[in-house]
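Below sits a lone chain in structure tokens, taken as the form predicted alone.
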Amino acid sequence: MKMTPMLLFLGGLSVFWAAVLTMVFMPVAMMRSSPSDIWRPMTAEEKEGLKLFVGNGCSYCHTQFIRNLDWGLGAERISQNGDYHDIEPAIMGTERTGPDLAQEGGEHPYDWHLAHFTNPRHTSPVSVMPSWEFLGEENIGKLTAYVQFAGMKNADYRVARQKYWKEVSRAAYAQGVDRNIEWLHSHVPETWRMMPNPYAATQAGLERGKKMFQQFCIGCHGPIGDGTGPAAPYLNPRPLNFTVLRRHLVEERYIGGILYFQIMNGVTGTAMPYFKRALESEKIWDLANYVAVSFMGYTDAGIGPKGIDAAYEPAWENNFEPPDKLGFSHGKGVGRQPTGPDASGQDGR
């Protein structure tokens, strides 16, 4: 066959349309978007929240799809095609500067979101997320509705659980600070209530705990642990005043296990989130020691029962005396430092 300009043109045209047919029309014709098992339609308020989410560029920092290699927030369920059925635009995002939000719904109660959107440093002191206070409370409510939608039926279950425990925790808080602490302690498994902090409150450990407190806790509990951080005015119930724990020691000496359990598990219904995914065990124990020593003037670290010390642990002696039932120490050991050498090899006194 003689190659002519017309033949080259027709050949090129054929290749072009064959590529378009294969890459565009066939995928569109074969694409099926059936709802997944957790899908549900969005409410009008949630759709308004989606518009705010897209319009303000939230997807530049937050993805909305869980991969099979993820290990953090929402990792209980890998995202599926049907999760995005009838969601327009379905922007999944590519940058994970902030946490993935595919299953964010119900992770926090509504008042936490109000404090967070008003100023993210209120609830996450080291957050780089900008303040959205300029949106106004009504639009923040719509944005929160969309975030609480994330996860659909799974999120609905979590949101309902948050609401249930919100009402219960508010009722406990309304009964007064001591009854509230008794209620909180009653929901800690007995094994944890009778457990002392197994790790020494060395200067190094307390410094690590201080860093954790500043990064995660100070926004709600405040710099002196009295529950008056900048997020507190937005929250109901208010954050716990740690100093009151002095008169709520279990058997007049145990508090470490309760602090660990509450830091690890959070208190659903309140603004207290769980930190089991953000902090490994040693950091939680160090944080518990920092809270106990700094705001209660007492720690049960190492008072026993205890096992074999970890290999890195220095010699350390607990000289803290527990306060009495009224929370008074009568000068018995408040502020006393451990007498043994700390992790840096220096005398702790």
Partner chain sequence: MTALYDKNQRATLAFLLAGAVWFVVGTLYGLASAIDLVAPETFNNIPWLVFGRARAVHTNTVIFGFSANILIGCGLYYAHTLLKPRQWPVKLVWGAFILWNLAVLSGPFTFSFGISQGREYAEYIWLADVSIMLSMLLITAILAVAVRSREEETLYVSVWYFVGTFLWMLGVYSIGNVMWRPETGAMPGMVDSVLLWFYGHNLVGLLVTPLAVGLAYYVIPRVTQTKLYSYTLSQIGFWTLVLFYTHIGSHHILQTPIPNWLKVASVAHSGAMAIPVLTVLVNLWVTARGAGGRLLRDPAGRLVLAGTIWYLVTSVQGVVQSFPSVQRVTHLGNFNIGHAHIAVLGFGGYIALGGLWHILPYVARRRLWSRRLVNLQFGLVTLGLTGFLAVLTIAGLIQGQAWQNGEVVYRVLPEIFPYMALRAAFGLSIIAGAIIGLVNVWMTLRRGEPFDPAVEPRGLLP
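Definition used throughout: the rigid core is the maximal C-alpha set that superposes within 1.5 Å between two forms. It should be emphasised that the depicted structure is a prediction, and the values quoted were computed from it without experimental measurement. Residue numbers count along the first chain shown, from 1.
One more form of this protein should be noted, the form predicted together with the partner chain, which is absent from this view; the next part is about it.
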With the cut-off set at 4.5 Å between non-hydrogen atoms, does R40 touch the partner chain in the predicted complex?
-> no
Could you confirm whether H116 comes within 4.5 Å of the partner chain in the predicted complex, counting heavy atoms only?
-> yes
Can you check whether T191 is within 4.5 Å of the partner chain in the predicted complex, heavy atom basis?
-> no
Does I303 reach the partner chain in the predicted complex if we count a contact as any heavy atom within 4.5 Å?
-> no
K153, R96, H187, R77 - the one with a heavy atom within 4.5 Å of the partner chain in the predicted complex = R96
Contacting member of V159, I87, A232, V267, with respect to the partner chain in the predicted complex [4.5 Å, heavy atom] = I87
Segment that reaches the partner chain in the predicted complex - one of 58 to 66, 311 to 319, 289 to 297, 40 to 48, heavy atoms within 4.5 Å | 58 to 66
Counting only heavy atoms, which residues in 196 to 221 are within 4.5 Å of the partner chain in the predicted complex?
-> M212, Q215, F216
Using a superposition on the rigid core, decide whether the Cα position of A315 changes by 2 angstroms or more between this form and the one not shown.
-> no
Align on the rigid core first; then say whether the Cα of M26 has moved by at least 2 Å between this form and the one not shown.
-> yes
